[in-house]
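This document opens with one chain alone, in structure tokens, the form predicted on its own.
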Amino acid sequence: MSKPCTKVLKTDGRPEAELLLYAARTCLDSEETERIRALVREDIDWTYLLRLALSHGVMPLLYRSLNIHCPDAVPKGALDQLQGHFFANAARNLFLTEELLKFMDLLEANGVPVIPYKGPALAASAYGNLALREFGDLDILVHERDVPRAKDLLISRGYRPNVELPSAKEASYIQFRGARGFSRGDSGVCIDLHWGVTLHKKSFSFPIDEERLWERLEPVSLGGRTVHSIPPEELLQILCVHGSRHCWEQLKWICDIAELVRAHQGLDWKRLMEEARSLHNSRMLLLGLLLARDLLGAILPEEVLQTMRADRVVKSLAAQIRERIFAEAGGPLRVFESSLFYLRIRERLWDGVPDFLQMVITPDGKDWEFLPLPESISFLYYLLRPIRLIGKYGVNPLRRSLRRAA
């Protein structure tokens, strides 16, 4: 495996994006270290750089790189801001990890098996350090049959659902969705209770064998304890689905891919690629890996690189993301643009159609909360959602998306 050259983004000739791409890595060679030092000596807009790092969730990585390799070259005010954010994030992460372990103990004491999902477990597995990744919520995965019990236990600890649902809607929500958020006001902690590896069970489908996933769990050191979490091959696929679900709008998600690949050099690439093909998930996996390679220098096997080169759609989508990720006009894609992205990210068109419909017409908790309807006329939610979205975003994004799709 050979190390590729990082493709530096052109952002109006500004060096801040290039600096961030080099700094957002935990492992740098001597050439990359010298490039960071050279960039810091340029006319860096530190306010812009910190704002960029904050929006992409990589402030801890930026601080670590600058503090190790060139602290004297960074203006004191900027370095102080980075340091303050770093230690505040570290303290918050330790607090969240403690809360996660307490709740896991409560679940297991009540006979509910649980997997720590993303958040602290990902930070430990990919970065080897809880302080180096930002996470706001805690994610746990339980069996679908255990969702009602897990919900009751969350409520017993003072958590409340983020979206209140009538009791008649609970069963259909569990059947259709794959997660539900809960918050505790006194601490500001949010826990996402998952019973599927994707948010929607009927769209943006990721038909991984979840029972087999539970059998493959691997030990991870977390908060001084050993817990069992998702193995790196499955985690890599799940992260690539998650990044694609959000159109790779944050550099943090690409860092997760690069760091996981770096930390687990014994990945079973053959099994990983075969399972991705069987799940019709290859394009999402390849896109995440290609972005990690192009932007963050991730080292990939030659057989994976050959597969990437053969997929024109993956290369086209990666180019679009590279051009957009640091653009001043960036930010979250609107719902109709995201829907078009979902159609292209699938190998088979019919896999992408449910994703498109999920975004545009399928109701969710916000629609139910926006206008409570009796069960007898709940079908009207499918008409209400597009009207609500057009009211929120306007009709022009829909027209542009349809023109592109045509």
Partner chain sequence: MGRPLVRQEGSMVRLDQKMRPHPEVVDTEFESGEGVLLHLESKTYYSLNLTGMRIWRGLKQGLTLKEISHNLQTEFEVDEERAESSVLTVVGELSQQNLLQTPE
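Numbering follows the first chain given and starts at 1. Worth saying up front: this structure is predicted, and the values here are computed from it rather than measured.
A second form of this protein, the form predicted in complex with its partner chain, is not displayed here; the remarks below concern that form.
Which of these stretches, 83 to 91, 139 to 147, 314 to 322, 264 to 272, has heavy atoms within 4.5 Å of its partner chain in the model of the complex?
-> Only one stretch qualifies here: 83 to 91.
Do Arg35 and its partner chain share at least one heavy atom pair within 4.5 Å in the model of the complex?
-> Result no; Arg35 lies far from its partner chain in the model of the complex.
Is Val304 close enough to touch its partner chain in the model of the complex, meaning at least one heavy atom pair within 4.5 Å?
-> The answer is no: Val304 has no heavy atom within 4.5 Å of its partner chain.
Any non-hydrogen atom of Ile68 within 4.5 angstroms of its partner chain in the model of the complex = Close contact exists here: in the model of the complex, Ile68 approaches its partner chain to within 4.5 Å, heavy atoms only.
Is Tyr63 close enough to its partner chain in the model of the complex to count, meaning some heavy atom within 4.5 Å?
-> Yes, Tyr63 lies within 4.5 Å of its partner chain in the model of the complex.
Which pick from Asp152, Glu98, Glu170, Asp105 sits with a heavy atom within 4.5 Å of its partner chain in the model of the complex?
-> Checked against the cut-off, the match is Glu98.
Please pick, from Ala131, Ala276, Ile115, Ala78, the one residue with any non-hydrogen atom lying within 4.5 angstroms of its partner chain in the model of the complex.
-> The residue in contact is Ala131.
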